[in-house]
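Included below are structure tokens for two forms of one protein chain, each presented in isolation as structure 1 and structure 2.
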Structure 1
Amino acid sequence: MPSSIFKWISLAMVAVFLSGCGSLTVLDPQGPVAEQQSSLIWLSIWFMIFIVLVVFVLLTIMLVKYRDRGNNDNYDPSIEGSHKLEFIWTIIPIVIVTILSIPTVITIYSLEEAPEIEEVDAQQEPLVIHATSANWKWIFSYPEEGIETINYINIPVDRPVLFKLTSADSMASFWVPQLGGQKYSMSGMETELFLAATEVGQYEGRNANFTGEGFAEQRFTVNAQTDEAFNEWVEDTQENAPSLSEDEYVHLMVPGHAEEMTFSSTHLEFVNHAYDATYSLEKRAELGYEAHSPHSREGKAFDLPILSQPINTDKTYEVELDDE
């Protein structure tokens, strides 16, 4: 009876553990960049599984072969060591690290270049998108198309995309697991990341670096479209979407959330946070916003704004306590 109970408890624990895994989107690549990284991850996993198996087999052999049999006639307590064994267990880790390092370095360097799309004959120039993080939203600018989106992007399939990453405030991390690995965005500087999608679909992106109370909802959607659908969206946005004024943009600098928005101009016309690291702080102060600890009375009294389009430019953000 106890063994039966133990068996069912073990199965329940395994089921609970596996239920939390969810879908491993990192291992479901939908583009050449993610495929390279996924291949590297699988290579590392299988190689390390092989090493673990070898270690456990050798451990089992040692435990059986050299177990205490009560006959210690061959035991020599004066043995100090073995140069042969010491050489072997020194060189083996070096070989393991070398085998893992070579494909890792090759992959890292290849990811710094625009990926080649095998599905097309003629490679296209990368689509340039500026991705700006601002607590707790993502702002995407298409400088060549002259349009801007909030918390979503549309990209054409089978074409590389060059993301120029920066931040309006805290350091964030831009990550679309099914298209490629993450890279940091920092205020006052710019980093670059190449991604590409080879399948039409919708992919989830997010900030992968904890930046405070609104971090969990700092997400965005990547819509990978055909060339025709992407070009139609660009033309429709240029013709019908409202332009983005600086008065509207400064409200996006206040910590809070925002719904998806679309504009027919970009904030790069009046600020680029890669070259102006204090812009958001100055504009927040003009709107009456003051940073408070979320555990303080002022912090608890402050409701994180959820902006929608059109943005209310009359709103201010002073904290008023009930007993004052």
Structure 2
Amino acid sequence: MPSSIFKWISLAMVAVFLSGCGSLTVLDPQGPVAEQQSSLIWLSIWFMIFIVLVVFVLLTIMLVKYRDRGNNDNYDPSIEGSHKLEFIWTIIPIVIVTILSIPTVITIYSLEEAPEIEEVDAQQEPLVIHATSANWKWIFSYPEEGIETINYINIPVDRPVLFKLTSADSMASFWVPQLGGQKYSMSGMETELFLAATEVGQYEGRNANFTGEGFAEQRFTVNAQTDEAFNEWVEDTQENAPSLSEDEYVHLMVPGHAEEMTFSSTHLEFVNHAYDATYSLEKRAELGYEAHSPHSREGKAFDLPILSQPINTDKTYEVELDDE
């Protein structure tokens, strides 16, 4: 009988839903931004379960009571509507939407500001990190510290971090689920995202917006460290890491992957992609890289380069082909 199956399915779904949520990344926040988002999500989940249950129960009742039994004595084909009922089910959704709008709007506004960290008494100035996406890697610059990393970042806990996002080429989306929601990075412009971690640990970050062939591997790691560990790392990097020249940097503009790297200077000294949308296209052309259809002979022969430190500046990207 269909109605009992509906009921069974709905119960099973709710059970799965509630048992599985605890360990899900997004619902396991490790900082105040993700925290606000996950409580908003939970609030909405409760409302939605309520709505779903109302509809499922009503549907089940209708199907059980009014299925054709041959001789339905409750059959009444004259009904056309009811203003009272229709008024009720217009008003109730309006009320629910209003109730959900208020915390939504408050949270939208609050995410635009540096998050307050409850655990500390004196709020610190946000740490500024420029995050630049380039097919298919992440480039991070710490302008105040004068250091740059590829595909990983270290941040201190309990201090807000202001990410200034831009892109060297395709539009990407900077996302560290356990620390907070994502935002797009676009070349020729700058977007801003505040995040903060309150627990020491390693968090997965990635590009969430499709950027083509190497998209799935366009990931990075976030290491949230104690203040001391972070400062120590900064000093150590400033002293010991190699500096980044423009000649080396341009190799990052060629589509491909990169290993984790660390430098004691930043690319902001020679380019900020937020103000120069075509830099990467010009540089990769200078290196001899040409974009080829993946279905052409050249495209089939081309392998994504994997760049490691120190970047090999001799390498050019022309594809060797034996002519037939």
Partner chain sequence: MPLRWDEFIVTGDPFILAAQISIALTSIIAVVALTYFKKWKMLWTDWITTVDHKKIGIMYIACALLMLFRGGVDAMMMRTQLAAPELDFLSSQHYNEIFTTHGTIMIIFMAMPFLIGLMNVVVPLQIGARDLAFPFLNNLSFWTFFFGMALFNISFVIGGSPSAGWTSYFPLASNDFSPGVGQNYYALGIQLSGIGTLATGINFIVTILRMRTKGMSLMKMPMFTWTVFITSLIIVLAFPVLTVALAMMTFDLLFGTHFFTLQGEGLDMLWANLFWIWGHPEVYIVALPAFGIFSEIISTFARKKLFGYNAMVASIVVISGLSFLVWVHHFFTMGNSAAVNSFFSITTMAISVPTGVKIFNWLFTLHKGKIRFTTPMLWSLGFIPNFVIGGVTGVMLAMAAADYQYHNTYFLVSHFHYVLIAATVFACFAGLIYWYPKMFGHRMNERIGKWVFWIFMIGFNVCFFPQYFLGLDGMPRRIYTYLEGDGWFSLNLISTLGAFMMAAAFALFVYNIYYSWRYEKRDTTGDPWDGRTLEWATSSAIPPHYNFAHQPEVVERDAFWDMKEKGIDLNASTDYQKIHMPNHTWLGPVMAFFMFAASFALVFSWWIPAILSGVAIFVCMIIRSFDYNDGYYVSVEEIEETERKAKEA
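In this text, rigid core is short for the largest set of C-alphas that superpose within 1.5 Å between two forms. Keep in mind that this is a model prediction, so the values were computed, not measured. Structure 1 provides the reference sequence; residues are numbered from 1 along it.
Between the two renderings of this chain, the form predicted together with its partner chain is found in structure 2; structure 1 comes from elsewhere.
A movement of the C-alpha atom of D76 reaching 2 angstroms or beyond is seen between structures 1 and 2 when the two forms are aligned on their rigid core.
After superposing the rigid core, the C-alpha of P294 moves by 2 Å or more between structures 1 and 2. Once both forms are overlaid on the rigid core, the distance between the two CA positions of I49 between structures 1 and 2 is under 2 angstroms. Core superposition places the C-alpha of Y66 5.9 Å apart between structures 1 and 2.
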